[in-house]
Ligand code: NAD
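The chain below stands alone and is given as structure tokens, in the form predicted alone.
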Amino acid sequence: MRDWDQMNIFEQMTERDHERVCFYQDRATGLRAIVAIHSTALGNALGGTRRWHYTTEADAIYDVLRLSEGMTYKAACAGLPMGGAKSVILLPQRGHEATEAEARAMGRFVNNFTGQYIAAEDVGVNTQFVDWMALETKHVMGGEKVAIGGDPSPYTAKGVFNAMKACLAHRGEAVDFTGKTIAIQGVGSVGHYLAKLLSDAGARIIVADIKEGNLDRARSIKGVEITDTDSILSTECDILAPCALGSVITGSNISTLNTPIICGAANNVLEDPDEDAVLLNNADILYAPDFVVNAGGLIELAGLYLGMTRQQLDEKHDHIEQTTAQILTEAKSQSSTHAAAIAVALQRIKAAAGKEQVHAH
């Protein structure tokens, strides 16, 4: 049993410095959901809704707390005036079908926050689900017919692609993917778009996924090879891109990695980021912090929510490369790249708080 299983919710909130954690049940649909708002220091908080079957309620709480904290740092590093939050829907079993009634119940839950929390899609939620939620609240992004924004996956993939350029440059290599081997764990929405971008740039791509449908779709991309999910993390490659669920890099498997760079779209790639990032640094493996490189989806939806123009959004997307480069450079004086990224995020949050205090006086 993990340490956090033994902690009560207030202890977990205090440890991670959360503002609010709210639980909701809808008897008519059976919906059980949690919204965690980590910080609104920089502004209202946009974060995805994850539909998942958790083994225990403790797992769900741990996930939503960790994900929402990551969203605070993601928004801050991306230079967005947004806070950090996330929500999870606890499914009764794997593959539980999404319905309009469930989505609308979730929309009513989100509406209770009057805009302090803005929902979007995450694992298990698509544009249709978002549009159903939007029938009950205007505080949701990423739909196609009712809410605006659409699928943010291509923008997340483009951000990871740009961050990979920064990683290559930091290692002193030519910023050119021709002949490079990229191993992608998970070719769902983001992983698929990333594979296409890398293929177009001349890379050799090795992919793995637990879903045969995702692999069938990936086979249509030039230069793609399929491997099994057990060996993808230890595959010899120039860049390893975890694009599935989190906690895939751990203290126990770092020694088996066969790559000089980790740069992927998954949230919470490291099981214990404080410790694992240091171990990666000691192993001379360059880790691009996930909440920095996968910010493209957040930038797109938050930017639209904030009323940014297409030009402003594109500039924000392109800037992921510079932000990644800055953090990798600053990490030379830190224990790890993760520590450097957290420092940048906290510095921006502190600066914003200072401005608020000046205006208040």
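Quick note: we count residues from 1 along the sequence shown, nothing fancier. In this text, all values refer to a predicted model and were calculated from it rather than measured experimentally.
Same protein, other form: the form predicted in complex with this ligand, not shown, and the subject of what follows.
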Which listed residue (96, 108, 171, 211) meets the criterion of a heavy atom within 4.5 Å of this ligand in the model of the complex? 211
Only one of 189, 162, 127, 235 comes within 4.5 Å of this ligand in the model of the complex by heavy atoms, so just point that one out. 189
Would you classify residue 68 as touching this ligand in the model of the complex, given a 4.5 Å non-hydrogen atom cut-off? no
Even though the partner isn't displayed, in the model of the complex is residue 276 close enough to this ligand, meaning a heavy atom within 4.5 Å? no
Exercise: residue 75 in contact with this ligand in the model of the complex, heavy atom 4.5 Å: no
If we define contact as a non-hydrogen atom of the residue within 4.5 angstroms of the partner, is residue 229 a contact of this ligand in the model of the complex? yes
Of 254-262, 136-144, 88-96, 189-197, the segment with heavy atoms within 4.5 Å of this ligand in the model of the complex is residues 189-197
This ligand in the model of the complex: contacted by all of 122, 153 and 243, heavy atom 4.5 Å: yes
